[in-house]
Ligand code: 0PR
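This document starts with one chain, in the form predicted on its own, laid out as C-alpha cells.
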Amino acid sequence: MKIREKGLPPKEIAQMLGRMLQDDLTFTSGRIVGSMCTEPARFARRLYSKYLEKNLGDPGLFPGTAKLEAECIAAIGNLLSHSNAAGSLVSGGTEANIMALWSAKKNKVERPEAIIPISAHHSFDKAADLLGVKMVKVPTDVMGRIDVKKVKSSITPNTIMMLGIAGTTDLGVIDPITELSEIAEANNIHLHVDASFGGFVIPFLRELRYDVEDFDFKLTGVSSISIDPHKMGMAPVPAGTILFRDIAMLERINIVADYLAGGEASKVTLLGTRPGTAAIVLWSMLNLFGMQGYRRIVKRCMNLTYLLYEESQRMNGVKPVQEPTMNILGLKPLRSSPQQVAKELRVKGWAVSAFPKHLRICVMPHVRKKHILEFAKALDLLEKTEKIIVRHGSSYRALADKAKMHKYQYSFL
C-alpha cells in the first residue's frame, strides 16, 4: 500500500474496511473461547471515542483525567487490600511486569536474578532481555503451582525478585502466595504478583464463597501486583494496571520531564504518551458495575466454566486437566495433540488456545450457555471423527483433509 495522492471519501473507506475485516472473529459470536480478553461493555464503547484527545503523558494539560487515573488506582488498591497503593495505568500485563522488575532491579546487585515459575507469562522473558536480569525458572507441582521448596533453594545474594502468579496463563491456578510472602520478607526480596487475569476474579470468588487463597497486599511480603482491567474488568484495550505497596518503589523508576506544555511531570511508565481515555473509561466501568456487578459477572462465568467441566467429564476423547480454580479450564485430548485439535476446531470457527499438553478454554463474559453447549458438541463431534480415522486408517485422514479444503460437510466431520 502507498499513501494516495488524493484521499478517499469516508463512505468508501468504511466499505473497504468492512471487506478487509470480514474475516476477523468477533467476541459476540461466542466462538472465541481461548482468549483472556472479552467484548468491552457497550457504555465503554460509547465513551471511548468521545475522549480520544486526552493524553496522560502530559497530565498538566488534562488534570481531570489525571485525577480519574488516581481514583482508579485507589479503587483497585482497595480491591487488592491496600488503599494507599501507588501505581499507574499501563498498556497491559507486559508493561506492568517489566515495571515491577525494573523497580526491583534498583536494589542493585552485580548479577541480578529473578526467581519465576515455568508457568510465568512470556513477558518476563522480554523483561529479562531488556533489563539484563537472569530468569531462574523453577518447576511447578502437579497442580501447576510454583514449587516453594525449589524457590527457597534457588535464592542467592543476587536474587532481586520472586514471582507468584494469581491466575496462571495455562490453567488459571493460584501460586502459594502466602508462603512466597513469608520467604520474601525473611530474605528482603521484592515479591511481585502477576494477577493480570486473576485480579478481577479472585476477590469476587472469595465473596461468592469459593475456597481461594490470599494473593494480594493483605500479605505483607507482597511488593507489587499487576492487574488487567481489560480482561475481566470489562474495559477496552489497553487498560492494564501496576500497583506498588510503597510509593518509593514507584518513584525510583521515575524520570522527570520538564519541557511539557502542561508543566513538569513524572514519568514512571514505559510509555510516554498514554491514552487518557483508558482512565476515563475504566473509572466509568468501576462505577457502572460496582462490586455487585463484577460479582455477578464472575458468578456467571464460573457457572458456565463448571458446566463445560461437567460436560467434558462425560466425553471419551478429552478429559479435564483438573477442577478449575477460576474461569479457565484445561482440557487434555486423548487421541490427538492439543495443537491438532485446536487446528480442527479453528476450521469449524472455534478459537481455542493450545498448550503443549492441553487446550485452554477461557469462559469470558461474552460467552453464553448456548455457546458452551455448542462448543461441547463440536468437541464431541471431533472426538467421534478421530475414532473413525483411528479405526480405518490414514485414508480417512486424507479424505477428511480434502473435505475441509473444499468445505464439504461429510457426516464424519
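Predicted model, so just to flag it, every value in this text is computed and none were measured. When you see a residue number, it is the position in the sequence shown, counting from 1.
The same protein also has a form predicted together with this ligand, omitted here; what follows describes it.
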Contact flag, residue 196 vs this ligand in the model of the complex, heavy atom cut 4.5 Å: yes
Is residue 54 close enough to this ligand in the model of the complex to count, meaning some heavy atom within 4.5 Å? no
Residue 93: touches this ligand in the model of the complex, heavy atom cutoff 4.5 angstroms: yes
Please run the contact check for residue 178 against this ligand in the model of the complex: heavy atoms, 4.5 angstroms, yes or no? no
So which stretch, 31-39, 62-70, 342-350, 46-54, is the one near this ligand in the model of the complex (non-hydrogen atoms, 4.5 Å)? 31-39
Could you work out which of 336, 169, 81, 140 is the residue within 4.5 angstroms of this ligand in the model of the complex, going by heavy atoms? 169
Partner-contacting position among 154, 322, 123, 284 - heavy atom within 4.5 Å of this ligand in the model of the complex: 123
Sequence order please: the residues of 216-249 with a heavy atom within 4.5 Å of this ligand in the model of the complex. 228, 230, 231
